[in-house]
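Take a look at this one chain, the form predicted on its own, written out in structure tokens.
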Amino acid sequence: MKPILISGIQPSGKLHIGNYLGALKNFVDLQNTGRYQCYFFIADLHALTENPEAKDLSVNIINLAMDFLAAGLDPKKSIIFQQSKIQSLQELKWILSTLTPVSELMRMTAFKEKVLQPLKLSDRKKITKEKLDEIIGKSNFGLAEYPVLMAADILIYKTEFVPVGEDQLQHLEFARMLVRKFNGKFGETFIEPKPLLTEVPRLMSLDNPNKKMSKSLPAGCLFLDDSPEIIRGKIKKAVTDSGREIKYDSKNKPAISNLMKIYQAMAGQSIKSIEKKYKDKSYGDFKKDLTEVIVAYLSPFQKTKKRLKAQPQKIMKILETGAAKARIVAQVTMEEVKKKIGLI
């Protein structure tokens, strides 16, 4: 049997090129190696920590499913499903939570970043322990519980590999810790999942190279659904650095360096070759070519997604079929878990 690999994406809004290059493209590449039994899910339960409007969440779930398929995820090769359709997941999450020290949840870097997100960076550095405790006390408990649900997502399918960026390693190590605690107390049951470290390009906002590209800054964000006209407008308005030299220097020329990273990822060319190609050319020349590179790169994805939009029933059928397959595996795991902990 092939080792199981799993990952998911939250349906929290339109995906941008950073999401695609950092996660979705990697999913497709892993699927197409043929080395793994891949499970890719829409993390709708995780998305609830952001308190979305119901109508927005339902739209985002379908939109993300279309993104999965348009990017090249294939239901004949991978199990594609909606997280909330796996009822056994909640049972395992509860069982794992009884093995989880509260202190472990409170020290999670991602949790601290989320609860402090509304504060300015300068204010975060000056925050007192008393103020931090107050903010944590008022925070959404789902943010603290997030790693337990993520661990359940991984363990319920007896996952061996999880593709992650370095920022997710702490959550994966938390899951590995729970495996050791459970197996130590109840006997060998779960596999300690191993990370498949992925190189995630850190793309910055087009209008502020000091901020990460984010849907919360739409003017500086290239979405997968942006039309060629919108892409041209955003690239034309993208900030550049002083001087004229097209050279990669993230410290002294962060704006043009960010645009060069996008060019590199989408044209499949090295930074050195890009520098050589535009040695005697202007920012305007580079931006014009970059626009066409992006438009050409996204064109197949956008054409496929346009066809999928006309087939909503097909999308739902794929999600339902994937969930049915995932449920069978999850239920088998839960029967084993319940017997070992004395619930059956």
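A residue's number is simply how far along the shown sequence it sits, counting from 1. Rigid core (definition): largest C-alpha set, two forms, superposition within 1.5 Å. Only a predicted model underlies this, so the values are computations on that prediction, with no experimental measurement involved.
Keep in mind the form predicted in complex with adenosine-5'-diphosphate is missing from the figure; the text below concerns it.
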### Message
By the heavy atom within 4.5 Å rule, which residue out of L203, I156, I256, L178 makes contact with adenosine-5'-diphosphate in the predicted bound form?
### Response
L203
## Note on the structure
As a check of understanding, the residue in E173, D167, D207, E145 with any heavy atom within 4.5 Å of adenosine-5'-diphosphate in the predicted bound form should be identified as D167
### Message
Although the partner isn't part of this model, could you tell me whether T333 comes within 4.5 Å of adenosine-5'-diphosphate in the predicted bound form, counting any heavy atom of the residue?
### Response
no
### Query
Any of the heavy atoms of S214 lying within 4.5 Å of adenosine-5'-diphosphate in the predicted bound form?
yes
### Task
Please run the contact check for A23 against adenosine-5'-diphosphate in the predicted bound form: heavy atoms, 4.5 angstroms, yes or no?
yes
### Query
Though only this chain appears here, would V329 touch adenosine-5'-diphosphate in the predicted bound form if you measure heavy atom gaps against 4.5 Å?
no
### Message
Heavy atoms within 4.5 Å of adenosine-5'-diphosphate in the predicted bound form: which stretch in 157 to 165, 181 to 189, 91 to 99, 268 to 276 meets that?
### Response
157 to 165
### Residues of stretch 1 to 32 in contact with adenosine-5'-diphosphate in the predicted bound form (4.5 Å, non-hydrogen atom)
I9, Q10, S12, H16, G18, N19, G22, A23
### Message
M106: after superposing the rigid core, is there a C-alpha shift of 2 Å or more between this form and the one not shown?
### Response
no
### Query
After fitting the rigid core, is the C-alpha of R176 off by 2 Å or more between this form and the one not shown?
no
### Message
After a rigid core superposition, would you say the CA of N208 moves by 2 angstroms or more between this form and the one not shown, or not?
### Response
yes
